[in-house]
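The chain below stands alone and is given in structure tokens; this is the form predicted alone.
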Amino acid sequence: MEHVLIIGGGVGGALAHDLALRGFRVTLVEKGELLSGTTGRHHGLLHSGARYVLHDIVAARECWEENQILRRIAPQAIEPNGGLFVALDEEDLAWRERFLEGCLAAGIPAREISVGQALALVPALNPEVKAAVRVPDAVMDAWRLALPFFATARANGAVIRPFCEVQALVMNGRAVTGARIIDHRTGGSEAIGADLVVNAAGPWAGRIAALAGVRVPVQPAPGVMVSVAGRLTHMVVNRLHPAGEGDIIVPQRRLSILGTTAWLADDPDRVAAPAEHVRRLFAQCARLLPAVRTLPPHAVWSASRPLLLSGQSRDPFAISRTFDCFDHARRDHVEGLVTLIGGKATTMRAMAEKSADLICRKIGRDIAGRTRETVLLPYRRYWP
């Protein structure tokens, strides 16, 4: 069976799982620890899709479908606590009907509830809210959702190699035949041959593609998140308007995550967490839950979203959160390379399925995917 080399230890884990189930020989390399990039550094929302219904209906439908699948295949990693979208002012109220219509169009079960019911569900909620809508959001642990994909892939024969950084792609004319890596644990360098290389490096995907002389439409878009100690809410709380800055609070274990800011960057390795962004998150999230303003930061971090550019917008909140995969033989006349970009943690399984389907078509094999029904192993099974 063909050997597939996957570059990237984030969403690449879901692809390794899918391909291993289909019988491929799989090797995955990651330059650092698994999930040390974007996939392990998000705020932990398992999207219902409602966050995108006002401006990105495709991503909304993708999220709702995957929300339901992940609840079945990885229940141990998910807290099915639901979410609220609340209107704080008349401007928010003006979005209510479009929001409910968008949820209906995307198939997302949304139900308007009274302000009294919302306050009973989330007592810390701003008592001045004007309206509330309940949606099937959930919370996931960034590592405990993704690691089961790696655990199951490894159990099915995939070779997972963290701390192995790609330094070059091995080329035979206009064909990619593998990659040269350095193992940071040993300092050794080696070439790994493959029948197909998949570039799943997230915001670093542009760098990997450039090693083969091609460009991909990926835009790193960093954002800052802040955690505060204590669960101020047991439900996800969103502001009822098009997704923007400082308009979501996600309960995560014994913390509350304030999210998020966004800007566009050229280099995902040169990203900070500006103090001004932290101040804005506190100010804006305190409008949702007033108790926020009394708390100090517990932790501050940033991560770069690998946005898929499909238009001219330079607004990081307006760029779609959908995903795509490219066969560079068809796109750039470079054989042996596939790139997967865009998406989010909620859609990692779907991203992997679409890429694996493309790979099967490319090599002329009719092998159906099985990840929609295959229950993942517990994350602890990753370690022997």
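Throughout, we count residues from 1 along the sequence that is shown. No experiment lies behind these values; they were computed from the predicted model shown.
Unshown form predicted together with a small molecule; subsequent notes refer to it.
Q: Using a 4.5 Å heavy atom cut-off, indicate which stretch of 190 to 198, 289 to 297, 222 to 230, 109 to 117 touches the small molecule in the predicted bound form.
A: Selected range: 222 to 230.
Q. 356, 345, 26, 60: which sits within 4.5 Å of the small molecule in the predicted bound form by any heavy atom?
A. Only one listed residue qualifies here, and that residue is 345.
Q.
Just to confirm, with a 4.5 Å cut-off on non-hydrogen atoms, which of 79, 89, 165, 101 contacts the small molecule in the predicted bound form?
A. Exactly one listed residue reaches within 4.5 Å, namely 165.
Q: Would you check, heavy atoms only and a 4.5 Å threshold, whether residue 328 touches the small molecule in the predicted bound form?
A: Judged by the heavy-atom cut-off of 4.5 Å, residue 328 is well away from the small molecule in the predicted bound form.
Q: Indicate whether residue 349 is a 4.5 Å heavy atom neighbour of the small molecule in the predicted bound form.
A: Close contact is absent here: in the predicted bound form, residue 349 is far from the small molecule, nothing within 4.5 Å, heavy atoms only.
Q) Does the 4.5 Å heavy atom contact test between residue 45 and the small molecule in the predicted bound form come out positive? A) Yes.
**Q.** Distance check, residue 239 to the small molecule in the predicted bound form, heavy atom within 4.5 Å
**A.** Looking in the predicted bound form, residue contacts with the small molecule do not include residue 239, since no heavy atom lies within 4.5 Å.
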